[in-house]
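Before any questions on binding or motion, here is one chain by itself as structure tokens, the form predicted alone.
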């Protein structure tokens, strides 16, 4: 007999689960922070090896066109929870906008339909999370070493490394704290590999024997773009800090104690500090004795310090995914558990000379997405449809047999990954707001289709950019004013207005 639980959610919406309780899938939603798709080996860029995350691609589906609506952490997470664009869910930026936790989110709907729910790790949205039976979360950005976690409202410092601790807490909840008679939904969200990229002790020397080549557009002069690309403050060579990012206790040019030096003295215990010094002091001293004589070599050195630390942090994330997959297998939970791996957005790994995200350009617009669900998703699938993070909420509700609220703006991609013929979107809409801090990326909105991308930068400037992603996949030169693209430009303007109306965004 089907279990049919009715409840009122959000704005008086009546929901019901039509799937028998014992058949409803468990859901594990893994989200890392700032994990670029380029840094997952299943995507084929050759930077690093992530064998455990790759298992999800081999045993499920890998998405080649997964995108966000706003490439920045807290707004992206708000979209993930609500299935709505930021101008409707309220969280437009990291800095000033507010998120009302009393509004509808997909986890609360699952909870009210009999799911056990948990949020573990980083959420980066102020306030008390609603819809969760258990929470053990980082305050704000959190710390890599000896972090504070807030477990069900109680703050406590935990000795150790944040990535392994987050995994430990997730496994502990699965094994000991949840009601095993109910289906569950667990948000397992890692801080890594967010800035300042502090690796776990066991990986501090990973890649010591390797020199990474910079991307071919690392020394981009932005000649083919407008004001925004030139105006930003997210260049590896110019904007990365010697302490916070480059791991120097003292600025090599002024000898002043850096913020990183202060952090070493305040957060690390003696053993951690000793391991850190053993890993970095020799290389830092060598840099001091042999400082690059030209800017190009200096910038390449900074890129290598950055990319190695970034990838080292990911190695611990991959370890945690492996532990989780092994636990599910050992406890007979593989077949009926949907496992999602994604990031809150993409990230620049030296492309255009940048780190960070924010822009609608491809590296930050696009995010990794891999899903395993043996009951419905064939192993080894590749999805080329344009999926967006507004689609997570309705997809999870669909799998749980719950009617999707009408005010959710995303669409369930359940049929897409099941290999069923279904009509799907031919374009996505994007809107970024946060300016000027911290990286001076001008606000903009735009539309992306299979081949083209139209962007409007609208604060401080009024500039349009158009890219042909087939002929210019690296987005090096806007063709907005090229007469050959006049017809395409007109079509994209119409599509943009259509999507703004559809998604109720009044910004024009």
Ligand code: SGN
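Residue numbers count along the first chain shown, from 1. What you see is a predicted model; the values in this text were computed from it and never measured.
There is another form of the same protein, the form predicted together with the ligand; it is not shown, and what comes next is about it.
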Is residue 465 close enough to the ligand in the predicted complex to count, meaning some heavy atom within 4.5 Å?
no
Taking 4.5 angstroms as the cut-off for heavy atoms, does residue 415 touch the ligand in the predicted complex?
no
Contact test in the predicted complex: residue 344 vs the ligand, heavy atoms, 4.5 Å
yes
The ligand contact in the predicted complex: residue 277, any heavy atom under 4.5 Å
no
Of 339, 317, 78, 72, which one comes within 4.5 Å of the ligand in the predicted complex, counting heavy atoms only?
72
Consider the chain as shown here, without its partner, and state which of 247, 352, 358, 366 has a heavy atom within 4.5 Å of the ligand in the predicted complex.
358
At 4.5 angstroms, heavy atoms only, are 225, 362 and 453 all close to the ligand in the predicted complex?
no
For the ligand in the predicted complex, the stretch among 392-400, 268-276, 119-127, 179-187 with residues bearing a heavy atom within 4.5 Å is 119-127
So which bits of 86-103 sit within 4.5 Å of the ligand in the predicted complex, heavy atoms only?
94
